[in-house]
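Read the single chain below, which is given as structure tokens and is the form predicted alone.
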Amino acid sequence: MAQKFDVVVVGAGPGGYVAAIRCAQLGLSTAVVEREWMGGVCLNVGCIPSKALITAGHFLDRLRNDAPEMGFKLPKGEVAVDMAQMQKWKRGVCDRMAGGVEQLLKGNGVTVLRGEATFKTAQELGVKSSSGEESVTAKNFIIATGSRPIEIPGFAFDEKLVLSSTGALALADLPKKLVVIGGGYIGLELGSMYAHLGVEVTVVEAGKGVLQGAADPDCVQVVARKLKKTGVEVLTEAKAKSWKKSGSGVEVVVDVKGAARAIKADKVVVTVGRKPNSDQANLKGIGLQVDERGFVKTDARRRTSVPHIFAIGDVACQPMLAHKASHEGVLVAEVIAGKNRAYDAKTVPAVIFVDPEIASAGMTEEEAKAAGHTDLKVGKFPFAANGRAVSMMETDGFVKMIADAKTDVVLGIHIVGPEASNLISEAALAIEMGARLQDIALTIHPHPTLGETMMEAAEAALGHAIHVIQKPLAARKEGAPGLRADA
């Protein structure tokens, strides 16, 4: 006999488990179905493990390059990397987080069903596990099945020589050479991390540059320079054509602007993007409409073409970000509970954990102009002029603030530099609240902190930055539209 619930959530990733907890908090009998990992890709083979290893790589890079200047004398010889211990530590971080999710679900009274979910009808779900199959029915379903790495022709994942991001985060031994196919945020995060651990990295990017469309171009330039300084080779307008086994490693054939080049490495990592898992759980079979990119179609309340079924996170729409999925999880739970909610976020902040970090909220200059803001005020403040950044020996990058020149309303904030991932939350709040440049410039920021760069960038956009020398206002008006204050 089928178990009955008010809500059944399919998938316990950052969208699904949040949705389940919020449903339970609102008094709805709730179950969540998970076939593999509590916390989903994010907590187990994505966000959390990658940031753990990125932190380790950054730590080692600073130990090698900055510690001697600070006055630390290192033992003779190279610092050794114990990859097995690093993986053990990383796994401990992930297990702690995943265990926390299970406790939260249990503590909120959510029923956890382990197994593979498949819709039998739009009202009934089959959950298959090693112990058999059971059925559940619900008044409402929330689809949170996530996404998976995209394969490219000729580079099927075996997770031994040809790795997805999942395999790249689980290497038991540190390779000497890696080829990374794809110069997007996943490829550069992994490539930078392994370069910091001492691996020789070659990035193969089909476009004219890395991180195209993923971040403000000015921010990308800073990262591109650091990649070169770190020793990462970036091949642009290059396409990986094939690979073959070479000894214990691989030989990858790459077409670089029409010329063939063979690159030998220990392994190849393919990071050309992710695709939604809309082809699973019989979603199409029960009538859910899917767009040409594979996303389940939803309205502003994340309701699908079947009224009592909702979809959130990577399976539903861009951007494919964990925090967007969590936001949607809360939203949908409240919609089901009868609250008047709809997705109306002005911005979804994005972070790229490269070196230095990039973080963005709101529009770029090009996007602002395309949206009709023809006159802009643009202010930059460099971390090299910030006392805390100098004391940290992390001075690459800047904060860039973009505002409408007529109203001074902040349209976008883009950061490249230390702790950009933490600084961007102030930017997101400012944009959501419709803040003007004066709101940020007149807010007292504590000293000495990296956060002062936000205040100073706003002051720069207004034309009166204190800690950088700016051209007189009249001079900056030349070459309009808009005003620029580039430090």
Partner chain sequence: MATKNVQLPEIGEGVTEGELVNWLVKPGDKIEPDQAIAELMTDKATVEVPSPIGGIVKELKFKEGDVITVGSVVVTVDAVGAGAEAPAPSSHAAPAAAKSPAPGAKLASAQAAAQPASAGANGMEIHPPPASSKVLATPATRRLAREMGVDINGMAGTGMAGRVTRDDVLSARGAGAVSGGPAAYQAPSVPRPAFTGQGGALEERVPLKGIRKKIAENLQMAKHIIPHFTLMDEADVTQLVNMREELKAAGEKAGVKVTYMPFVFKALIATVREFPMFNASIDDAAGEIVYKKYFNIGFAADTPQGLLVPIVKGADQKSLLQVAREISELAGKARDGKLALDEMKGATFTVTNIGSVGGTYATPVINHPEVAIFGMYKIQDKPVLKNGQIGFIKTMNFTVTADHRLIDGAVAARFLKAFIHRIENPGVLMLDMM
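What you see is a predicted model; the values in this text were computed from it and never measured. Residue numbers count along the first chain shown, from 1.
In what follows, reference is made to the form predicted together with its partner chain, a form of this protein that is not presented.
**Q** Kindly confirm or deny that Val272, Pro319 and Gly362 each have some heavy atom within 4.5 angstroms of its partner chain in the predicted bound form.
**A** So, yes: the whole triplet contacts its partner chain.
**Q** Just to confirm the contact call: exactly one of 381 to 389, 226 to 234, 114 to 122, 285 to 293 touches its partner chain in the predicted bound form at a 4.5 Å heavy atom cutoff, so which is it?
**A** Looking at the partner contacts, the answer comes out as 285 to 293.
**Q** Within 4.5 Å of its partner chain in the predicted bound form, heavy atoms considered, which of Thr166, Asn108, Ser305, Thr137?
**A** After the contact test, the surviving option is Ser305.
**Q** In the predicted bound form, which of the listed residues (Ile150, Ala262, Met393, Ala84) lies with a heavy atom within 4.5 Å of its partner chain?
**A** It is Ile150 that has a heavy atom within 4.5 Å of the partner.
**Q** Can you tell me whether Val348 touches its partner chain? I mean in the predicted bound form, with a 4.5 angstroms heavy atom cut-off.
**A** Flag for Val348 set to yes.
**Q** Can you tell me whether Ser192 touches its partner chain? I mean in the predicted bound form, with a 4.5 angstroms heavy atom cut-off.
**A** Looking in the predicted bound form, residue contacts with its partner chain do not include Ser192, since no heavy atom lies within 4.5 Å.
**Q** Answer for Ala300 alone: is it within 4.5 Å of its partner chain in the predicted bound form, judged on heavy atom distances?
**A** Ala300: contacts its partner chain in the predicted bound form.
**Q** Within 4.5 Å, heavy atoms only: does Tyr343 come near its partner chain in the predicted bound form?
**A** Tyr343: yes, in contact with its partner chain in the predicted bound form.
**Q** Suppose contact means any heavy atom within 4.5 Å; which members of 173 to 205 contact its partner chain in the predicted bound form?
**A** Contacts from 173 to 205: Gly182, Gly183, Gly184, Tyr185, Glu205.
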